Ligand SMILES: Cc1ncc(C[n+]2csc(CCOP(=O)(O)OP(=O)(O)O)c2C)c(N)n1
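Given next, in C-alpha cells, is a single chain: the form predicted alone.
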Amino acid sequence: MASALPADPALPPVDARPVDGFDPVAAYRTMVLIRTYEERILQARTEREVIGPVHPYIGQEAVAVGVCAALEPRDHLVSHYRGHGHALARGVDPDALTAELFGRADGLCGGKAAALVSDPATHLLLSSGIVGAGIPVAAGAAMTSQVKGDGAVAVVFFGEGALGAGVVHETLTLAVVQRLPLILVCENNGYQGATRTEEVYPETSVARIAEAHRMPVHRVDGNDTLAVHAAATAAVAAARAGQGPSFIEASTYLTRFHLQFDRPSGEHRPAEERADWLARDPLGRLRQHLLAAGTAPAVLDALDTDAEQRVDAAITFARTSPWPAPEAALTNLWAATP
C-alpha cells in the first residue's frame, strides 16, 4: 500500500556543484554537437533539403544534456517537436537522424517522420507534435516499468505551454497518486509560440502548478548544465527509490526563434531581452567553467572541430541515402490496405 503523500512538495534549492560521475567535458562535447547540428539543419531547411518545419533548440542545450547525463540506457525518453537536442543528448545516431529530416530511406523512421522521430535503440519512445501529448505516454512507460519492476524511469520534455492541456493535469494527478517513476522536465523559455507566457498564465513560475498537484519540484537555471544535471540526478534517484515523480522547471530561452519553414523566421523579440540571455548562453557558461577548472583551450577547440566534422558527415550521409520506395507509403499503417 502506498504511504501518505509528502506534506510539503517544495524542495530546497538545487546544489549546482558537479555531481559525482558527471563529465563536464563530455557534456560540452554533446552541447557543441547539438548547437552545430541545429545551425546546419536550419541552413538545410532554407535550402529545402529538410522536408518538414524546423523548431530550433538553440539556447536550450543545457537542459537536454544535463538531464540525459543522469539517465541509464534502460530509461525511457519522450520528446516533442523541438527534439533534435534531446535525441542527440540521448545518443541517437546523427546519420539516421539527419536522413530522417531529409526524408530518406535510411532515416530513423524510414523517412516518414520528419522531426517527430522515435528510436527503440536508445529508448526514445516518441517525439510528439501535439503539445502535451507526450506526457501521458511517458507516464505509461513509467507505469510499465513500475509493474515490471525493471528499475527504469521515464523522462518527458515539454514546454510550459503544455501545462494548459487538460490531459497533463490528469497525468500529474495519476503520477503522484501511483508514485510513478516519472520525471517531468518543463523547458520554460518564456514564450508559447510567439505569445509571452505571462499573457497566458497568471503565474509564470509554472512549477507552482506542479506543486498544486503535490508533486516535488526542482526549480533550476536551465542554462546552467551543472544545475540541471544535479536536479535530474536527484529526481532520478527519487524515482528509482520508489518515491514517485518529480517536476523540474528549467528556466531557459530560445535565442533564435520558434519555428522555420522555407525561410528563416521573421520573428522578433526585445533586443535587450535577447542580449541578456545571449550573455548567459549555456555553451559559453560551460566553456568558462571548464577553462576555470583547468581544461586547456585547445581541448575545447578540438571538440568544436570534431562537432563540425561529425555534422558534415551526417549531412553527406543523408544526401546520399536513397529516397523511400513508393510502396513504402503503404507500410506502417494502422489498417490493412484495401
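Start at 1 with the first residue shown and count on from there. All figures in this text were calculated on a predicted structure; none of them were measured in a lab.
Omitted here: the form predicted in complex with this ligand. The next part is about that form.
Enquirer: Which residue among Gly159, Gly111, Gly134, Pro94 has a heavy atom within 4.5 angstroms of this ligand in the model of the complex?
Expert: Exactly one residue meets the criterion: Gly159.
Enquirer: Considering non-hydrogen atoms and a 4.5 Å limit, which listed residue (His76, His229, Arg219, Arg82) is close to this ligand in the model of the complex?
Expert: None of the others qualify; the residue that does is Arg82.
Enquirer: Taking 4.5 angstroms as the cut-off for heavy atoms, does Gly242 touch this ligand in the model of the complex?
Expert: Close contact is absent here: in the model of the complex, Gly242 is far from this ligand, nothing within 4.5 Å, heavy atoms only.
Enquirer: Report yes if any heavy atom of Gln192 sits within 4.5 Å of a heavy atom of this ligand in the model of the complex; otherwise report no.
Expert: Result yes; Gln192 sits at the interface with this ligand in the model of the complex.
Enquirer: Taking any heavy atom pair closer than or equal to 4.5 Å as contact, tell me whether Gly103 reaches this ligand in the model of the complex.
Expert: Result no; Gly103 lies far from this ligand in the model of the complex.
Enquirer: With the partner left out of view, is His258 within 4.5 angstroms of this ligand in the model of the complex by any non-hydrogen atom?
Expert: So His258 counts as contacting this ligand.
Enquirer: Only one of these stretches, 95-103, 175-183, 159-167, 114-122, has heavy atoms within 4.5 Å of this ligand in the model of the complex; which one is it?
Expert: Among the listed stretches, the partner-contacting one is 159-167.
Enquirer: Just to make sure I understand: among 123-139, which residues lie within 4.5 Å of this ligand in the model of the complex, judging by heavy atoms?
Expert: If the 4.5 Å heavy-atom criterion is applied to this ligand in the model of the complex, 123-139 yields Gly129, Ile130, Val131.
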